[in-house]
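Starting off, we have a lone chain in the form predicted alone, written out as structure tokens.
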């Protein structure tokens, strides 16, 4: 778990973000009224099943939603600058220097016809007035700091000549070249073996500490969350269902979905896993009431009529569940 840091001013605020996609089949409500805050130097883990809205939320923060997608409501504050109201040129300037992202698939994120070195040098020279020689020096230094052996060879290589783990490190190095204040990493350990996962997470934690960088870590892996996060936001069907400090969430999960996620984690000596029965609801047509009700073992009558909003059940611990909120209806929105 990352060291806790008490800093008053948030590095990133996401308030009431909703991102929808307009298709011939209907409206896909991919993110609905999503809100969270990340402090300077803090790691927020955004966790949930595939298709729950995690990556859409990240792309919304970066301004990378294209038609038929649209950010319909919300506010995204980076050092008090609302990114949703920023002009295109200012947003392009902020990307990389202030806000960066490592995407889920490193092989598709790197240009296969350009050498790694050229891609890194172009990234530096796009944002900094510096010579090619100096940009090359900075790129070599960053590859070395990220733990890649023989940086000169990496600079001369194409992405298809490197392993997936090496490409993941290259993408991380490129994201850190401009020392962003906030880094978003989307499934940083997917398709990597356990040894490489451990190395990448350790390097990421070390660099975050050295740079006092804020981190938004998107993953479905609760083990990664336990290792890396200070605070956790659990997403389901486009909405945040629970948010808490990591220890509090693991010790006392308040939402049935969170408990189901934790029960499905493999544990030493455990023979049988407890999978979550059923499938998430279609984002084309979310049913009335709580979106988790058809999979919830604790469902009761009012769950069919009300969609609970996040309510604080203890200091810093929020849950969108009527049971967790002692059946109280204030603050609950009907759909």
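These figures come from a predicted structure and were not determined experimentally. Positions refer to the first chain, counted from 1.
What comes next is about the form predicted together with a small molecule, which is not displayed.
Out of the stretches listed (35 to 43, 302 to 310, 289 to 297, 48 to 56), which one is close to the small molecule in the predicted complex, meaning heavy atoms within 4.5 Å?
Of the stretches listed, the one contacting the partner is 48 to 56.
Using a 4.5 Å heavy atom cut-off, which residue among 231, 104, 123, 197 comes into contact with the small molecule in the predicted complex?
Of 231, 104, 123, 197, the residue with a heavy atom within 4.5 Å of the small molecule in the predicted complex is 104.
The small molecule in the predicted complex reached by all of 77, 242 and 314, non-hydrogen atom within 4.5 Å:
Verified in the predicted complex; spot residues all out of contact, no.
Would you classify residue 23 as touching the small molecule in the predicted complex, given a 4.5 Å non-hydrogen atom cut-off?
Residue 23: yes, in contact with the small molecule in the predicted complex.
Proximity of residue 276 to the small molecule in the predicted complex, heavy atoms at 4.5 Å:
Contact with the small molecule, no.
Residue-level contact is defined here as any heavy atom of the residue lying within 4.5 Å of the small molecule in the predicted complex; does residue 187 satisfy this criterion?
Although the small molecule is absent here, residue 187 would touch it in the predicted complex, with heavy atoms inside 4.5 Å.
Would you classify residue 30 as touching the small molecule in the predicted complex, given a 4.5 Å non-hydrogen atom cut-off?
Contact check for residue 30: yes, within 4.5 Å of the small molecule in the predicted complex.
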